[in-house]
Every structure is written in structure tokens, then in C-alpha cells.
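What follows are C-alpha cells for two forms of the same protein chain, given separately as structure 1 and structure 2.
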Structure 1
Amino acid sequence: MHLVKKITVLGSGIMGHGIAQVCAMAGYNVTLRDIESSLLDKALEKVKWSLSKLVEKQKITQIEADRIFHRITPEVDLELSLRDTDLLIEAVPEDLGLKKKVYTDVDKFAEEKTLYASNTSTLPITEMAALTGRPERFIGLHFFNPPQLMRLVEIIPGRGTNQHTINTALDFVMRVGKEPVLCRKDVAGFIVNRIFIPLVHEAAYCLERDGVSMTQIDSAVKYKMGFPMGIFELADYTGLDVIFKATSEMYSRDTRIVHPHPKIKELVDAQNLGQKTGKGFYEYSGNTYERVNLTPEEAAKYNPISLVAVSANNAAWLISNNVCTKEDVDKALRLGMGLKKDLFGTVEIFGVGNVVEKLREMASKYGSRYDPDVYLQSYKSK
């Protein structure tokens, strides 16, 4: 196995700065690279805020926080940032054209020993690996937002990724205190986003179809499906630009995966990108971290069976297509999205028969993309 000592994170946005912090917290020296020092300054401010939260909650001491902070070196010069790096984690915006440019430049400077990992949330790993001179040493390492708190990392080998790289990735993920789930096939959305992204759109359709409010849906998602946040709240928290890009990518690969609701594009076109711009589905006051007020009383007003059905159907697709096991789905949703209840446990509470029936009803009204997956049809309650 390849022993990782020095790490370079490319891109200092929401994911990049968080991943750099996670690595520094595990004792690694990290170079955080971005194209402008003003972006790096903002990223380091966010790291400071996060570390101060962890100190406040007594997860680490102030002395440890200071040491962690100093393990992160900001760098604008790409060549310098790649010097002596064992593992490169690319977390630049989700645009294949941009990634192409980044990997062409990286290939000029990276040392022979450097393994490449992309934190892409939906782009095809095999295609990105092919942009580089080392496809056998290229892998997907997908962290979840906020990386400092979410314990999951999806590991996605491309078609050409060798076993040595997979083993190194598994070992690295555990060394940074995270839990890996192997996504056996390079499918659109991997595991979590295959469930999460279509759910955002479905919730937007439910607003109209069921004539309910956002907080009713969100409260039901939180109190009846075990999510830590409502789905619109989570979309705003993730960033609607991120959701939109992931949607477009998934839809371009297969139109049956996700049924884009126009509201997301409208919000993105108006630059209402969620919490970070002060407005998305909800409005925010501009604080670093804000939550929407969701209540059990509001939850009582809405039955989220369509949302349970659509998430379970996408999970079922992953299982019947041998992308991962049912246990992997439950683990990924628990550690990547903070679900407090297993998805299939929720399906059992709503009744497998009712869920399948709901999908059939939706298929007859809205199209065959809702047809229940074979795994769900033959699912036996415990």
C-alpha cells in the first residue's frame, strides 16, 4: 500500500476547505490550493470558525485547534502546491470542462508517486481518469457536506483503477476517521446522490401535487423519515447551484434517474443559491450556519409517502444493479446524510405494499420512471 504523508487539496470551496481540515485534524500536512489568495483567505476563515466550534463543544482543545490550523498551507502556485504530494484531492467546481483543464495542468507538475482522487459528486470517474496520464491511479473519494461532521466517504473506482489505489483510498479514509462505502459501479450520482438529488425534485413536485407548504414537507421529512434537516432546507444548505449541476449531469446520463423540477433552475438563474446567498427555497439572515424551524405539529399535517417511495425505489435500483448492498445504502445514508432511521426501516413503517402501490399510482399518473424496482417488489419485511 502507498503510505500517504502529504496531501494537496485543489479547490478551497465548501468541500475543499472542509476536506483540508479533516486531513489536518488527522495529523496530515495539507496544501490547500486555489486560484486567488482572497479565496484561500475566506477558506481559512471557515476552517477557523469550524475549529472554534469544535473547541466550544470540547471535541478538541484550543492548542490542538492551533496545531491543526497550522498544518494547512494555502498556496496559489499549482506547481508548488503539488510538490512532494502523495495524494491529490481535487474539489474544484463540478464542470467537466474545468476539471479537464485542471487535470491537464496537474499532469504537467504532479510527481510520479502522486495518486489522484476526485471529490466529484456525480461526474463519471472513468471519464475523468481518462483525462490524466494515470487512470489506474485515479479514484473517486466523495466526502459529504460538512466534511468536518459527516462520517461517510464514498469510494468510487473507475473502470481502470487498480487494486493498490483502492486499498490506499480505503486505508486513507479510515486514517482520517471516516467510514468508507465502496460504490462498486461508476453510476450517475453514486449511492447517496442517486437518492438525494431526485428527492429534492420530487419534494418540489409534492408542493404542487399535494398542495402543502415547504415547512410541512420539511417537517415530515425530518420527523417521519428521520432526516436531520428538511429536504428543502438541505438543498439550500448544499447549494442550489450544486444541486442543479448534479441534476444536469445525472439527467444527461439517463433521463429516467431524475425528473428535473423547473423551480431549481429558476432559483439558480436568479442567483438564489440557498443559504450562502441569503435566499433559496427559504430566506436567511446571512449567518454562517442557519436552520429552518421545523416542528412535529407541522409534520403531522403531511404524509410523505411519495418521498419515501421515490427514495426507496432509487435505493432499490442501486441494490438490484449490484452497485452496493442494502447495508451499504443504510450506512451511506446514516453517515452521509445523518439519517436517524434506516430507509428500509421507514419503508417498513409505511408498509412495503403501500409504498409499492404508491409507486404504481405515480407511474400511472406521471410516467413509467416511477415503476417500482424489482428489488422493492420482492422486498420482505423483517
Structure 2
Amino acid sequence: MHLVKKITVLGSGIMGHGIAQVCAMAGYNVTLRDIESSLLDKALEKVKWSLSKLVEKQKITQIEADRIFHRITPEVDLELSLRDTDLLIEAVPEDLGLKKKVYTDVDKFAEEKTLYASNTSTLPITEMAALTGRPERFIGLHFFNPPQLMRLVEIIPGRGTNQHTINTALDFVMRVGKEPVLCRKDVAGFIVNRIFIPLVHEAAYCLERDGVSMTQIDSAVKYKMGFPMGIFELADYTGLDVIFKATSEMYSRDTRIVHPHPKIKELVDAQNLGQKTGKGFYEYSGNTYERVNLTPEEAAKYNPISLVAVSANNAAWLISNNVCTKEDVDKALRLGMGLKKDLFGTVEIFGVGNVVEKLREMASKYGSRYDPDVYLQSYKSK
């Protein structure tokens, strides 16, 4: 086992400083690197604020908060930031060109022992690993936002990643108090986004096809599918720019995965990105986080079987292609998306035969991308 003692996080944005805090809270010494000291100052202020909230809630003492904070060292100089590093976690923006430049620079200075991990949510791990001199020691570590609160980390090996790196990643994720789910193949969207991103687009098509309101669809998603909020509400909360970028990346890798609805691009082009801009699918009045009013009465007016079918079909594809197990899907959706009941449990409530029949009907109307997966066709209630 590769013993991880020192960690370097590249990029101090919302994910980078959150990951640095998570590592420091687990007792690791962390160097947080960014290109300007002003960016690092802002990041450290956010870490300090986050720790102060934990002190307020009596989760940690002020002495512990100070110790955690002082385990994080800000650094602008890349060479210095990589000195004696066992694990590098790259959390720079989701742009393959930018990442290519970063890894070219990192390769000049990283020590032989350093393992590389990318916090990407959609970019191909195999492709990024190929940009480096150590593809066998390169892995995806997809933390969820915000890393301080979300328990899931998807671990994604590239085609050349060796078992030693996988084992080290699994061990590290558990040591920082997170729950790992191994995505065995470097597929577009990994596990959670493979199910979530197409679902947002499908909901937009349902809005168009079924003659119902957004709140009826969202209420049904919440009360009949066990989601923590409606799918449009969740999209607004995530950020439609994030969803658009993930969609573009996934679609460029495999056009069958996601059927982009033009509405998402329209909203992004108009800079209506969701909660953070005050308008997305819904409109929001203030700066504070707002919930959409969803009710069981509204849920009763809509049957979300199309959404159940599409999400189950994507999950089935992951299982039949040995990307992960059914248990992995359930765990990933519970921890990464907050689902209150297992997806295939919902399929059973709607009826496996009904779900498969719905997919066949959609395939005949809208194209073969809806063809039911073999796993779903042969699924028996467990």
C-alpha cells in the first residue's frame, strides 16, 4: 500500500478548498496551490468560515479548528507545492486544454512517488492520464459538491491504471471519512452523472410532450421517485452551466447517452443558470437558498414513468456493462443525489413490465436510444 502522508490540491475553487479542508480534517498535511495569492486568500477565508460553523455546532473545538486550518499551506509556486507530495489531487476547471497544460507543468516537477488524481466529474480519465508520464498511477477521484458535506467519492481508474493505485485511492477515500464507489470502467458520466444528466433533459422533453407543469413533474419526482427535490429544482441548484458542460462532454463521447434538449442551452446562453443567478427553470427572489413549493397533491397529477424508465435504463446499462453493481448504483444515488429509496425499488413499484413497455413505446416514437437494456428486460424483483 502506498502510504499517503502529504497531499497537494491544485486549484483553490469551491471543490479545491473543500477537498483540502476534508483532507486536513482527517489529519493530512495539505498544500493548496493556485496561480495567484489573492485566490488562495479567498479560499482560506472560506475554509476558516466553514470550520467556524463546525465550532458553532459543537462538532469540533476551536483548538481543533485552528489545528486543521494550520495543516493547509497555501502556495503559488508549482514546484514548491509538489515537493514531497504522495498524492496530487487536481481540481482545476473542467477544461481539457487547461488540464493538459497543468499536467505538462506538473510532470516537470512531481516526484517519482507522487500519484495523480483528478477531481473531474465528466472528463475521460484515460485521456487525461495519457497527458502524463505516469498513466498507470493516474486515477479519477470525483468528490461531490460541497466536499465537506457530501459523503460520496466516485473512484474511476483509467484503462492503464494499476491495481496498486486503485487500492491506494480506496484506502485514502475511507481515511478521509468518505464512502468510495468504484466505477470500474472510464465511461462517460461515470455513475451518478450517467443517470442524473440525461434525466434533466428527459424531464424537459416530458414537459413538452405531456402537457403538464414543471411543479407537477417535480412533485412527482420528489414524492413518487424518492428524490430529495424535483429534477428541475435539482438542476437549478446544481447550476445549468454545470449541467450544460457535463452534457456536452458526455454527448461528445457517446451520442446515445444523452439526448440534449435545446432548453438547457437557451437558459445558459441567456445566463439564467439557476439558483446562483436568480433564474433558471424557476425564478428565485433572494440571495438565500430557496426551495420550490412541491406537494403530494401536485404529484398525484403526474405519472413519472418516463423518468423512472430512463433513469433505470441508464442504471441497467452500467450494470450490464460491468461498470458497477446494482448495490453500487444504489449507494452512489443515495449518497451523491440524496435518493431516499433505491432506484430499482421504485421500478418495482411502477412494475418492471410497465417500465420496459414504456421504453419500447418511447423507442418506437423517439428513437433507438430508448431501447430497454438487457439487464432491465431480465430484471426480477429481488
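For clarity, a rigid core is taken as the largest C-alpha set superposing within 1.5 Å between two forms. As the structure is a prediction and not an experimental result, all values here were calculated from the model. Along the sequence of structure 1, residues get numbers from 1 upward.
- Structure 2, not structure 1, is the form predicted on its own.
- Hinge location among 182, 357, 348, 260 for the rigid parts moving between the two structures, by C-alpha fit switching from one part to the other: 182.
- A two-part rigid-body description fits the chain between the two structures; in it the smaller part is rotated by 12 degrees against the larger.
- Core superposition gives residue 26 a CA displacement of 2.8 Å between the two structures.
- Once the two forms are overlaid on the core, residue 46 shows a Cα shift of 5.0 Å between the two structures.
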